[in-house]
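The data below hold one chain only, encoded as structure tokens and taken in the form predicted on its own.
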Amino acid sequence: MEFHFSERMLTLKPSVIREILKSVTPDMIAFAAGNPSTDTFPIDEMGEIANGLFADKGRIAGILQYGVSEGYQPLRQLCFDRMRGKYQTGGEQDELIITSGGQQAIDLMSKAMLDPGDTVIVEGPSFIGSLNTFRTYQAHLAAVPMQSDGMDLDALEHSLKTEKNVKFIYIISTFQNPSGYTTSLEKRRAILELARKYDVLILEDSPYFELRYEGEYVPNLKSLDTEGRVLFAGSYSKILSAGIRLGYAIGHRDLIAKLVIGKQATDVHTNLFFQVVAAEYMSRYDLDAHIEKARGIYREKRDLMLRCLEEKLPQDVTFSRPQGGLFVWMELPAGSDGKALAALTVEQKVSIVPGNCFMVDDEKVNPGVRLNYSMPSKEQIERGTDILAACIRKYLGR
């Protein structure tokens, strides 16, 4: 049987990260993953809630039924009230939709806004899952180089001036994946002003912003938005658990209405059972205290990885020092190939993600590598960085 696939699928490649994770064996140290640590999952509390729900025969029957596409109303209200009250994210003109992970919010925004050939301006590097989503809708991707405090503003304005049919700017504003960089408040304001000037939307993807280990909170772009120009995509994957697939989007009610229609044509509604579990958890327990516990776990792992890299790597190999999130971005000397290094490390049972995967032009040699510290144990971080450093020296011929 010969299959004649759609044009949108002909050039689309599988996620390199997903493919790498397929090859991860129990004896491999996974610096390639983006998974939260299972030590941060509130297993006992969620188990207690789930058992209670199943014990209530009258209630569980409704929970196992279809739900509404916008999401379970108590969870929507809890989430919106928390984001608005704690982070000033969401106003009178805004509404919230519960999505199947933060990734679906990105997909629904793309479905609602993109026609083939439209432009999405992205950070370079950027999250591979989002890049592939935009490619699925046959968008033209224009990359703006990342600096340690966010997008290069001159390059951003140049893209806004010269690219055709720019629909939105995609930005991972806090503890960016893969770099770990956070866009400064000054740049957030400037990016919002450029969006106003050139009349484009902003998709703010921020699944890590509550995982801050040092420094001051930087207000979400959405909290600075007075026009309904920003759609904020959030996630419970990193603060409750990834497998429950719960995310949310906050945006102007007219935009959310289109996302709801798009969701009805995709999965009808997000898993209702886990929406109820999440709402019960947020009602019964202290979510902020739980997040603070997760921060403590990740802070120790981040500090250990940064200390190991500082002590073990050659001086001309640089790396980011994120104030939060899950990732460190490492760069080999100019002209090096992170993909070649990844091939060496996997032979030694350490998986890393080469930097070219996060670029619009993923065929071009890139000296970057993404490292994750949330998934491996402390012992694995120690041993894995020994192996990484040895592979780097071998690759560089030292």
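One-based numbering along the sequence shown. The structure displayed is predicted, hence computed values, not measured ones.
Heads up, the form predicted together with another copy of the chain isn't pictured, but that's what we're talking about next.
- Taken together, Ser148, Arg299 and Ser320 are entirely out of contact with another copy of the chain in the predicted complex: none brings a heavy atom within 4.5 Å.
- Contact annotation: Asp44 falls within 4.5 Å of another copy of the chain in the predicted complex, judged by heavy atom distances.
- When contacts are judged by a 4.5 Å heavy atom cut-off, Ser179 does not count as touching another copy of the chain in the predicted complex.
- Of the heavy atoms in Leu64, some are within 4.5 Å of another copy of the chain in the predicted complex.
- Another copy of the chain is not drawn, but in the predicted complex it has a heavy atom within 4.5 Å of Asp107.
- Checked against another copy of the chain in the predicted complex, the residues Asp337, Glu331, Glu70, Asp362 give one hit for a heavy atom within 4.5 Å, which is Glu70.
- Stretch-level contact analysis of 95-103, 281-289, 209-217, 79-87 against another copy of the chain in the predicted complex, using heavy atoms and a 4.5 Å limit, identifies 95-103.
- Shown here without another copy of the chain, the chain has Ile261, Gly262, Gln264, Ala265, Thr266, Asp267, Val268, His269, Thr270, Asn271, Leu272, Phe273, Phe274 in 259-274 lying with a heavy atom within 4.5 Å of that partner in the predicted complex.
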